[in-house]
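Look below for two forms of one protein chain, each set out as C-alpha cells: first structure 1, then structure 2.
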Structure 1
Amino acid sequence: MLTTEARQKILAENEAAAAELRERFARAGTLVVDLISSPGSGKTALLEATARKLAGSLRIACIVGDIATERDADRLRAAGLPSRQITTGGACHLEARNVRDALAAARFGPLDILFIENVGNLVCPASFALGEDFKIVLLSVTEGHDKPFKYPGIFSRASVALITKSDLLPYVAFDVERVRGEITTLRPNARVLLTSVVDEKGLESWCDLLRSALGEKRGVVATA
C-alpha cells in the first residue's frame, strides 16, 4: 500500500502564520493576550476597565472579532483603547491571518500589550493559535458553575481563567470552589481570578498579572 505517513498538524498553515506573528511580537516586546469566552461574559467590559487602569502607563491596543457590527471596537475606543474590529461574517473564531491583516490595517505603532478579543464562543477559538503569549478564558457567574468540564478544550488551554461578574455572586447559585477545582483538574497550573468591573474586585491582580507577564517577556523582573 502506498502511504504518506509523516504525521502533520492539520492546522499547520495557521500554526505557521501564528509562529510568524509570535516572532514579530517577540522582537517588538509586545505581550499578546487572546481573550475567549461565551458571548456576554464580559470580555469587552473587562478591556474597558483594563484600559482605564493601564492606558496611562502602558501602550495598549485591541483587535476584536465579532460576526457583525463595530460595536465592541466603538466601545473600546470610547474607553481610550485603540481598537480594530474584525467582522468575520459568520466565522466562529479568529485565525492568525485575520490578526495579521488587522494589524497591518490598524497601524497601532509600538505596543506594550495587544489584546485580542476573540469571537464569543467557548469551543472553536480554542483550536487556533494567534501568536499570543497566553489564552485567557472568562466565565461569568451567571453562566453557571458546570462549564469547565463541559468545555474542556478551552479550559485545558487557557493559562488564566477569570470568573467575572463576581458582584452578582449573592444572587446566583455559583460555587466558586467547584469551578476552581474543575479548572485546575483540566489545567493544574491555571491562575484563577475572581473579578468584577462593577466593584473592581480582582482588577488590580489582573493588571499585576499582565504587568509581570510583560516584564517576564522582556526579561525584566517585575516589581510589585
Structure 2
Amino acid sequence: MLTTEARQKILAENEAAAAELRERFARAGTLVVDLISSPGSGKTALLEATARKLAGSLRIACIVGDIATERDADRLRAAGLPSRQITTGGACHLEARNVRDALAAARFGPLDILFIENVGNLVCPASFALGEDFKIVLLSVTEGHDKPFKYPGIFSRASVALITKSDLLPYVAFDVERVRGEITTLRPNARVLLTSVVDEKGLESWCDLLRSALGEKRGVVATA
C-alpha cells in the first residue's frame, strides 16, 4: 500500500508531465477531453457515434486505456476514429506519461479534438491530470442512480456528466432528477446531458458542447 508521501510524489510527478502536455495542446489549439466511467457505461459507443457525427468537419483522434486487449481501439478505428491503445497490464488509470508516450507512437498529426478514453473506473482516474481541458463522467441508467454521492471525487471534478443509455429508462429504476440533484450539489456548474447512441438523444447537444469548447479554447467567438 502506498504511503501518503509516496502518493504525493507520484501525483506531483504526474502533474508536471500533465502541465507539459497542457502547454503542448494549448500551442496546437487541440481540445483534450478525458472520459471517465465504470466499465460498460458506453464510452466507446459514445465515441463511435461522435466520430460519425463529426466526420469530415473536425480532425479527431483517441487514446484508449484498458487493462488488456485492443478491442476498444479496434472498434474506434473501424468507426473512422484514429486511435492508439494503451494497455496498462493491471493499472487502474492512465497517467500523463502514458498519454505522452502514446502520442509519440501514434503520430496523429494536427488535431482539433483528442479524446482520452480512460480505464473503466470511477475512482483512480479522477486524481490524475492528463493535460486535458476537462474531464467528463459517464453514468449509464443501468448502473443505478446512487453513484454521484458514492463516488464524489469524479463527480465533483467533471465539468460535464453524461447520463447514457437513456433509451432504457422505461425499463430500469433510475431517477434522473435525483442524479441531477446530486451532481449539481457536488459541482454546481456541471452540465448534465441525457444521451443515447440508439435513438441519438442528446448527441447533437454533446457535439455542440465540443464545438463550443473548441471555439473557446481557440478564442473564437460564436456568432448567431
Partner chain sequence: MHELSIVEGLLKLVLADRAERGPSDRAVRAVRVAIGELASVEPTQLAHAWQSVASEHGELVVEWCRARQVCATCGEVPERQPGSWLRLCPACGDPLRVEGGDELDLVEIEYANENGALRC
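On a predicted model such as this, the values are computed, not experimentally measured, just so you know. Structure 1's sequence is the ruler for residue numbers, which start at 1. In this text, rigid core is short for the largest set of C-alphas that superpose within 1.5 Å between two forms.
Of the two forms shown, structure 2 is the one predicted alone. Once you line up the core between structure 1 and structure 2, the Cα of residue 24 stays within less than 2 Å of where it was. Superposing the rigid core and comparing between structure 1 and structure 2 gives a CA shift of 7.3 Å at residue 8.
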